[in-house]
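Here's a solo chain for you in structure tokens, the form predicted alone.
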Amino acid sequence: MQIMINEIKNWIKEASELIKKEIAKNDMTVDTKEGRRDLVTNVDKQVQDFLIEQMNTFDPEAKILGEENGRDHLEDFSGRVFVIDPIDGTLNFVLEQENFCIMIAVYEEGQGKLGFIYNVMEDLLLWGGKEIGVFINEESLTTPPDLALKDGLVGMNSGMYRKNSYNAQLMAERSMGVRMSGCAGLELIDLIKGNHNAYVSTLAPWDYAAGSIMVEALGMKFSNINGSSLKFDGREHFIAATPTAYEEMMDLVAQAKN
């Protein structure tokens, strides 16, 4: 495992340098996918291709699930699976050139083993798993306090808040405040560090794969909005929080369904 950890850290550093070089060139190509806010750039594709090349060299038998280039579906999670989000927060990357992340997760026989979320422009890496603990760069993190909804900040998807999906606005009102970064990786970093005590959004597998491993390792809870296991196939509503806040939010979800 330590060999793999070191390898992945090196891949992430090299990928981040590739991104920074492309930012300096100021010559990226931007396309849309499912809407005008759903962007993809040539850099997203280049980073994913680079990471896949490294993964194939490290373990030719591993499966790979990634956001770009037709790698967004797997039939099963048997064996070792790498899950890649080459640039999480592409809209931020294009418009702000900050507030985006590289995310990599490692699953073995369907079980999350290692998660990595790297805030590229802040040089901040959260990584770890249930067997080894969770770290921010090389500093070990402890389980955040089990705060109730009223005692902390909630990260939230702006669309869910605007439409009041599953009582999202009531969740926000009962909390100390709501935060919206437009980047799942950043929201999960804040949850894992204890800056926030809850997060609810609409995410794809590469958005939640790495963060959910670390969330679980620190004793917090996560699921889809129905309280079931995540499907790792397409977008679904994702909820993660301290145990107390999670139960409160699930109660509000249940009320919204009645």
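When you see a residue number, it is the position in the sequence shown, counting from 1. Values in this document were obtained by computation on a predicted structure and should not be read as measured data.
Omitted here: the form predicted together with ligand IPD. The next part is about that form.
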item	value
Candidate stretches 215-223, 197-205, 46-54, 23-31 - the one whose heavy atoms come within 4.5 Å of ligand IPD in the predicted bound form	197-205
Partner-contacting position among 175, 157, 119, 167 - heavy atom within 4.5 Å of ligand IPD in the predicted bound form	157
149, 183, 102, 83 - the one with a heavy atom within 4.5 Å of ligand IPD in the predicted bound form	183
Distance check, residue 235 to ligand IPD in the predicted bound form, heavy atom within 4.5 Å	yes
Residue 171: touches ligand IPD in the predicted bound form, heavy atom cutoff 4.5 angstroms	no
Residue 89 within 4.5 Å of ligand IPD in the predicted bound form, heavy atoms	yes
